[in-house]
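Quick heads-up: it's one chain on its own, the form predicted on its own, in structure tokens.
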């Protein structure tokens, strides 16, 4: 495994571990998701450059568009949660009361 592949794999894994183990605030979960998407975007962009093919050139932009949509939906949920519950702590959210 090359150092470039290792660094992107480690960045994605650290984001996934942060999402799985540090679930106190909704904002920290969103930041972990954005870190995972950023590592996927850079890895996919470098993969496209290594292949030197135009067939895969739209894949990084498509991933970036979905990442922007995910970020906007996450921030909208964060604002809605903070307004209704008064905090963004995930322990205070009870899905059975919705």
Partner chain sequence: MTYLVSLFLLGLIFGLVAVASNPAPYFAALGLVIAAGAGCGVLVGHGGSFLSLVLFLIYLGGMLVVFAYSAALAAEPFPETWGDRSVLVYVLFYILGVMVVVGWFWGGWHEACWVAIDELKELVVLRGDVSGVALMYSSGGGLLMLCAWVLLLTLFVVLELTRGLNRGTVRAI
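Remember, it's a predicted structure, so these values are computed and weren't measured experimentally. Numbering follows the first chain given and starts at 1.
Just so it is clear, the following notes concern the form predicted together with its partner chain, a form of the same protein that is not shown.
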Check your understanding: According to a 4.5 angstroms non-hydrogen atom cut-off, is residue 2 in contact with its partner chain in the predicted complex?
Key -> yes
Review point. Looking in the predicted complex, any heavy atom of residue 14 within 4.5 Å of its partner chain?
Key: yes
Review point. Is residue 32 close enough to touch its partner chain in the predicted complex, meaning at least one heavy atom pair within 4.5 Å?
Key: yes
Review point. Does at least one non-hydrogen atom of residue 38 fall within 4.5 angstroms of its partner chain in the predicted complex?
Key: yes
Check your understanding: Counting only heavy atoms, which residues in 34-72 are within 4.5 Å of its partner chain in the predicted complex?
Key -> 34, 35, 38, 41, 42, 45, 46, 48, 49, 50, 52, 54, 55, 57, 58, 60, 61, 62, 64, 65, 66, 67, 68, 69, 71, 72
